[in-house]
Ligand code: C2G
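So this first bit is one chain, no partners, the form predicted on its own, shown in structure tokens.
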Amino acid sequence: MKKVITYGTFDLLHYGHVNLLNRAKKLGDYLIVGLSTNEFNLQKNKTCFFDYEERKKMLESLRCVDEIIPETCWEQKPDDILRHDVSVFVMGDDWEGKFDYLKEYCEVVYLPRTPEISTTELKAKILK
């Protein structure tokens, strides 16, 4: 079985997220999502509308997502890849090059984002 892993906050889940997750799943047989915890988001200076459990429930409802694990720090990725026997690490192309160090553990793929939508833009519109 070819396992794929990706990470993110996935706050205000939208079709850009769904597009990325569906394309990630097509790279293998089993998709693992590392979902940033509330505490980790605070360390990244991110404010979420939804807490971890609510974001997790939304991701669990997607057919393409097979497993969700908590992302608690930047450094956990190599351990997750080894522990879950991951073949492909996927992130949006806004992270291009930042995770190339993981190539010693698995294939690293940067997928194009859906250009017309972002969580940052959605939050700005909501706050208006």
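Since this is a predicted model, take the numbers as computed values, not measurements. Start at 1 and count along the sequence shown; that's the residue number.
Keep in mind the form predicted in complex with the ligand is missing from the figure; the text below concerns it.
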property	result
Contacting member of D94, D85, D79, D29, with respect to the ligand in the predicted bound form [4.5 Å, heavy atom]	D94
Residue contact check: F49 to the ligand in the predicted bound form, 4.5 Å heavy atom	no
The ligand contact in the predicted bound form: R23, any heavy atom under 4.5 Å	yes
Partner contact for K44 in the predicted bound form: the ligand, 4.5 angstroms, heavy atom	yes
Contact flag, E71 vs the ligand in the predicted bound form, heavy atom cut 4.5 Å	yes
